[in-house]
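Okay, here we've got a single chain as structure tokens, the form predicted on its own, with questions on binding and movement later.
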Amino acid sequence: MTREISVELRNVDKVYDTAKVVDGVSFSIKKGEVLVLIGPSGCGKTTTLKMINQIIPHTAGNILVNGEDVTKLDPVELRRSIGYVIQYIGLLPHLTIEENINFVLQLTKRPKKEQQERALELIETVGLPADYLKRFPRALSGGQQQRVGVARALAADPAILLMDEPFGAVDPLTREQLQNELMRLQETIKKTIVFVTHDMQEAFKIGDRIGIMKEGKLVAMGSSMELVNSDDEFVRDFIGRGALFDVLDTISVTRVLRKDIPTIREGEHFDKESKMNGWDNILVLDERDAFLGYVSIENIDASGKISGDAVQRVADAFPAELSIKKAIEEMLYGGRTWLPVAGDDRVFKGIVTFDSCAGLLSKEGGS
């Protein structure tokens, strides 16, 4: 079933005096999708974002939110119905964190008990302790304040979230933590997000699709791999020659798992007539399907028994939440051609190989 459209721009312009800062931009965003807008400074990406909730009115074209023309909606109600997160947060210093989170709920006169419950739910959702609710913004670090900004944007449970370089004012380590937190949140909340950034790696990491703008025009739109494989000279120059490695750092290793390798439980006998599918080794799992190691087919006797010392023990499996790039690095530095992959519960999921990684690149690249 095709997802419904949350936001749509149809040939939208924005003109200041005689300067056209947004020129004929058209795109649509499906419900629950993360669309990232990126481009050089002054390309019109932030203006495009702000026209969606009419902080900046558009000059020509049509903007639809949930199928309704924004010019026909009450602008105050429109803005209250769309979450908005900016780079410098904009927390009110004289209000507590709880009051900041509930600011929109206070304006809409929600019951006090509902406000308190919502603030408690959201402070935990963004990964901060509940006792922070009684603190003031000055007592929090920049990264913590940015988390509060996200919580405030989510307070009224908007279906759409606009984020204007939200992590641009924090240090690189905090920035990565906030990106990971947003991605974790999105798995649960499934909001429609329009995200503006100047950081290509951030765009690759966060975006389901990425729109590249230049001089007010939308010049490219697609997934990370589609953009990496673009023939457009500007797009290739803008994303950089090392972009492929940035993309590989955003794709989970679970995308390239092979599950056809034979396995056996520890203590069991292996049927030597089983299909080996071209593998020389059998993987050994414990009673909970956690990976223990591997054994060569040559070290299994005629009855299928494996001697204990024949099993090559492997201390840890590769975590499934890590990226293809990290898996390739692990194989290169460890002198390995494959890695076992396991989830948080240590349950074996499959293996990753150089060939499986190359296969994804060929598939995504269309070759």
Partner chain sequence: MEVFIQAWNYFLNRREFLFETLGDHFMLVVWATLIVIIIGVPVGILISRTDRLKEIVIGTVGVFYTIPILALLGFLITIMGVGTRPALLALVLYGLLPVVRNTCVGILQVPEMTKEAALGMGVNNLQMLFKVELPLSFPVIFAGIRTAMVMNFSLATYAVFIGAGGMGRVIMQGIRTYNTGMLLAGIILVVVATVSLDRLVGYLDNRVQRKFSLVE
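Numbering follows the first chain given and starts at 1. All of these numbers come straight from a predicted model, not from anything done at the bench.
Separately, the form predicted in complex with the partner chain exists; it is not shown, and the next lines address it.
Considering the partner chain in the predicted bound form, the lone stretch of 90 to 98, 218 to 226, 113 to 121, 189 to 197 in range is 90 to 98 [heavy atom distance within 4.5 Å]. Judged against the partner chain in the predicted bound form with a 4.5 angstroms heavy atom cut-off, the residues Ile86, Phe103 and Leu107 are in contact without exception. Under a 4.5 angstroms non-hydrogen atom cutoff, the partner chain in the predicted bound form lacks Arg135 among its neighbouring residues. Ile55 belongs to the set of residues with a heavy atom inside 4.5 Å of the partner chain in the predicted bound form.
At a distance threshold of 4.5 angstroms between non-hydrogen atoms, Arg152 is in contact with the partner chain in the predicted bound form. Interface membership of Arg80, defined by any non-hydrogen atom within 4.5 Å of the partner chain in the predicted bound form, is confirmed. Of the listed positions (Arg336, Lys326, Lys50, Lys305), a single one reaches within 4.5 angstroms of the partner chain by any non-hydrogen atom in the predicted bound form, namely Lys50.
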